[in-house]
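Below you will find one chain, with nothing else, as structure tokens; this is the form predicted alone, and questions on how it binds or moves follow later.
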């Protein structure tokens, strides 16, 4: 595909992530023109969501018969690097899924199309989306994506293991202490069963408990780390203690060998903090569908908040068809698209009054809790260049999970590295 290069700042200085053309190669910046047959490439990373997204694409093509959308599914482990390398070769997509944590460098390089005019032309009331997620994709009051879905985190549990131990199921009144005491009662080393999984997973585990303890990952103004705050350290220690003090979780190497969700689905873990996004996988598994359920996150010392996150759809500024690319990006997050996604059960649609179909898709699980927690949620923490510090989290917190360092030492090292990265952002 023909393209023109735009320079992205910092470590992501690569060609534009879009299929596009140079200004003198016959491109039409004003759009395709009535009746002109054009193609747009659209990249996603979830095969679980492919059928639902294809249904949304089909609806867009029905409304725009002169546009063909080529859906590209790139596995998560390859997705971000593939976008970078294909952009360098001029073969990247016109539209793609984006995370708020990945957004900053592309904005600095002018790689994304502003979508406010297209949103207005589509007649979409932005107030229908969760406000924190709209803000996640805005800079200086300019919107670069609308959230297509959202997810929150709950406490999933295995009813069969609770029944075998003669314990009552978790409920919304639980606190951290209830999790620990029940995990101890459920742990059976002889049977290779653990009460809970404690992977080093920011969105599913320690981001939630940092905020529940009254700490923060990043300051409200985005200039300093919160990792060295005593409350943040308490939120992290909740998880490291599960392994190193209480012995109710497998160790970190175990999760490197077999992901926590797979261990949970095999019956090795009785409880797991994880997201609404796994409901479809659990429902499709005979054992999980029959034995799993979910409740709200147990309360920490200060609150019971959950992290909320959501994918956005972005259009790239160098697209050969920028007007149509922007229209596609907005449609993919529209109320119609939200309803299609919720109806499929793949994800919780982002737009108000479209989520009930998602709840109805899983009568075996109490998934209503994921919606109930939205009002007490905190948005996934980001900065202008999130990757500069988020990429250090696993490296610098691992010694706390393995017991080689205290949580205070590991969190302090991460805070130092994060503050250095944030200072570089500020120039």
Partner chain sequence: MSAIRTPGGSPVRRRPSGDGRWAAILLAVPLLGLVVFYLWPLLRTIILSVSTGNPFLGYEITGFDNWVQVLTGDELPRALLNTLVYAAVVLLGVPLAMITAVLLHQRGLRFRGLYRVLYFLPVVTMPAAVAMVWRYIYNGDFGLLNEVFAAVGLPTTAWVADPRTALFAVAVVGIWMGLGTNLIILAAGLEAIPDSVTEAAMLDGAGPVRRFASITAPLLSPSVFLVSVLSVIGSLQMFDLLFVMLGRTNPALADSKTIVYLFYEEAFVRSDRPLGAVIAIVTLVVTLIVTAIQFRLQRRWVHYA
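Take the two forms, find the largest set of C-alpha atoms that superpose within 1.5 Å, and that set is the rigid core. Residue numbers count along the first chain shown, from 1. Owing to the predicted nature of the structure, the values given are computational and were not obtained by experimental measurement.
Beyond the structure shown, there is the form predicted together with its partner chain, which is absent from this document and is the topic of what follows.
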Listed residue that, although its partner chain is not shown, lies within 4.5 Å of it in the model of the complex (heavy atoms), from 190, 290, 220, 77: 77
Heavy atom within 4.5 Å of its partner chain in the model of the complex - the one residue of 303, 352, 171, 85 that qualifies: 85
Residue 200 within 4.5 Å of its partner chain in the model of the complex, heavy atoms: yes
Residue 360 within 4.5 Å of its partner chain in the model of the complex, heavy atoms: no
Non-hydrogen atom contact residue 336 with its partner chain in the model of the complex at 4.5 angstroms: no
Partner proximity in the model of the complex: residue 229 to its partner chain, non-hydrogen atom cutoff 4.5 Å: no
Region of this chain that lies against its partner chain in the model of the complex, out of 136 to 144, 158 to 166, 212 to 220, 98 to 106 [heavy atom, 4.5 Å]: 98 to 106
Those residues of 391 to 412 which, in the model of the complex, come within 4.5 Å of its partner chain by heavy atom: 391, 392, 394, 395, 398, 402
After fitting the core, residue 116 CA displacement of 2 Å or more between the shown form and the other one: no
Yes/no, residue 192 Cα shift of 2 Å or more between the shown form and the other one with rigid core fixed: yes
